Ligand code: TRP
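Below you will find one chain, with nothing else, as structure tokens; this is the form predicted on its own, and questions on how it binds or moves follow later.
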């Protein structure tokens, strides 16, 4: 019988420094989940990252991402953290067997892949690893036999193709893969401070990085686009959302409410709003960076070593079941 080994599995690509939007959109959900769920696993998707990054660049950010997650509240005593490359052999083996059960045409219909191809790429010129991305993602989930995978709306197709591949394999050979389920999370869409789409690592001037100094954050917020008096633009709504979710106390939230009420009445208060937003962001960054500075390289190394051991146990067990099922 197919047996779950992990309750919740999620991954993060180590491609750049994290922003406050990454924290609110992904890490905070894991921190909240670990309060009520014990068997949570996070993997640093360094193999996925080399799809469009140099391996040396990926290596540089791997330990940083782990340290960031811990400083943001992920407890390594409750949550397993491992590098995808530490079980590269098992992930690659499973990917090869799963690839037999889909077609290039099916992969091209995956919305996130289609979106990437729109950005200046064509099937004739795109990196072949990009096409393999959904299969490797399915392998990540199935090799750990995860029950739930936290996803936003745009990632649902990846869970669907994972389930489809598992169903095809189970039906043809033997039921070794339990069906993974999407754990739908409401992602906060934090816009760029410059009003250029969502806050992203690719537009540094409009993003507040966890590594920014309080002075750098203040400068970016000072330049942020808001709204004319009396108007509620999407940019301003996003900035309010950012402030509300980073605020540590009710007084700051009450101050925001009062400022926005006056703004809606037509008063010139965006300067005041930027001051309270700056205060909240700076307090968040200072607290985070103090925690981050206490995390040593040895601690990260030990955490990843423990995580690799557990991940490898699950992965090797899955591969043995696979080999037995296909008589290979």
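Bear in mind the structure is a predicted one, so any value in this text is a computation, not a measurement. Positions refer to the first chain, counted from 1.
One more form of this protein, predicted together with this ligand, exists but is not displayed; see below.
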| property | result |
| --- | --- |
| Residue among 170, 226, 95, 155 with a heavy atom within 4.5 Å of this ligand in the model of the complex | 155 |
| Contacting member of 243, 81, 137, 91, with respect to this ligand in the model of the complex [4.5 Å, heavy atom] | 137 |
| Any non-hydrogen atom of residue 25 within 4.5 angstroms of this ligand in the model of the complex | no |
| Contact flag, residue 43 vs this ligand in the model of the complex, heavy atom cut 4.5 Å | yes |
| In the model of the complex, residue 19 touching this ligand (heavy atom, 4.5 Å) | no |
| Contact test in the model of the complex: residue 13 vs this ligand, heavy atoms, 4.5 Å | yes |
| Whether 236, 270 and 279 all lie within 4.5 angstroms of this ligand in the model of the complex by heavy atom | no |
| Interface stretch in the model of the complex with this ligand - options 45-53, 283-291, 32-40, 299-307, non-hydrogen atom within 4.5 Å | 45-53 |
| Neighbours of this ligand in the model of the complex among 127-153 [non-hydrogen atom within 4.5 angstroms] | 133, 137, 140, 141, 149 |
